[in-house]
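This document opens with one chain alone, in structure tokens, the form predicted alone.
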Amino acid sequence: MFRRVLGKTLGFVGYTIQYGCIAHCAFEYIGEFVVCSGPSMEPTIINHDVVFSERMSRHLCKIQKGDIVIAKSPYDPNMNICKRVIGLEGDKVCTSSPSDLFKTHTYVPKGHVWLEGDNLRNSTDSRSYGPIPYALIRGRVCLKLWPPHSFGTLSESPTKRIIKTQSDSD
């Protein structure tokens, strides 16, 4: 009797560990579901929208200008941020707000990206904390899942702050 109970218990523990490892690998290397909060990505992503963030682009270094990404916050590593990629390493980006009379620019350093929210007036982004290291990117948002009426791929930036360079068209 004891052997049978022990055998079933160990079998259950073994299956639990196997499924836990499969789930970990799926969430770490394939993608995850993310509930977005805050107004910084409005009107593209509204508070409490659910999106799917795929991880393969990050691992293959395939993040492009215009992509929406989930990244670790440079202020608080326990918090994730959802922002749009405005510039990649070597790009010249505008660092001033849309209402500024005089525009200032900077270059994105090697191994970094420039992130901004679509709601420029209500977003803490690279204009506040500067370019972020590529390693802080967790994944690329590819689908909006909730609410059901807005299911699908995400639209282009409503701010039109993404500057296409000659190398982008090659």
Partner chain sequence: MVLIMLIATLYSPLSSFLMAQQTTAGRRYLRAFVSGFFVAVPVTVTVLDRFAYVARVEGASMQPFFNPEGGLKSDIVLLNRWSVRNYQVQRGDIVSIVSPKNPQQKIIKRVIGLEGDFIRTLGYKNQYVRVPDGHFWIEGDHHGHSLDSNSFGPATWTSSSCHR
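Since this is a predicted model, take the numbers as computed values, not measurements. Positions refer to the first chain, counted from 1.
There is another form of the same protein, the form predicted together with the partner chain; it is not shown, and what comes next is about it.
None of 41-49, 99-107, 127-135, 140-148 except one has non-hydrogen atoms within 4.5 angstroms of the partner chain in the predicted bound form; the exception is 127-135.
Not displayed here, the partner chain is kept clear of V13 by more than 4.5 Å at the level of heavy atoms in the predicted bound form. With a 4.5 Å cutoff on heavy atoms, H112 counts as touching the partner chain in the predicted bound form.
Taking the partner from elsewhere, Q18 is found to have a heavy atom lying within 4.5 Å of the partner chain in the predicted bound form. Using a 4.5 angstroms threshold between heavy atoms, Y29 counts as touching the partner chain in the predicted bound form. Along 22-58, residues I22, H24, C25, E28, Y29 each place a heavy atom within 4.5 Å of the partner chain in the predicted bound form.
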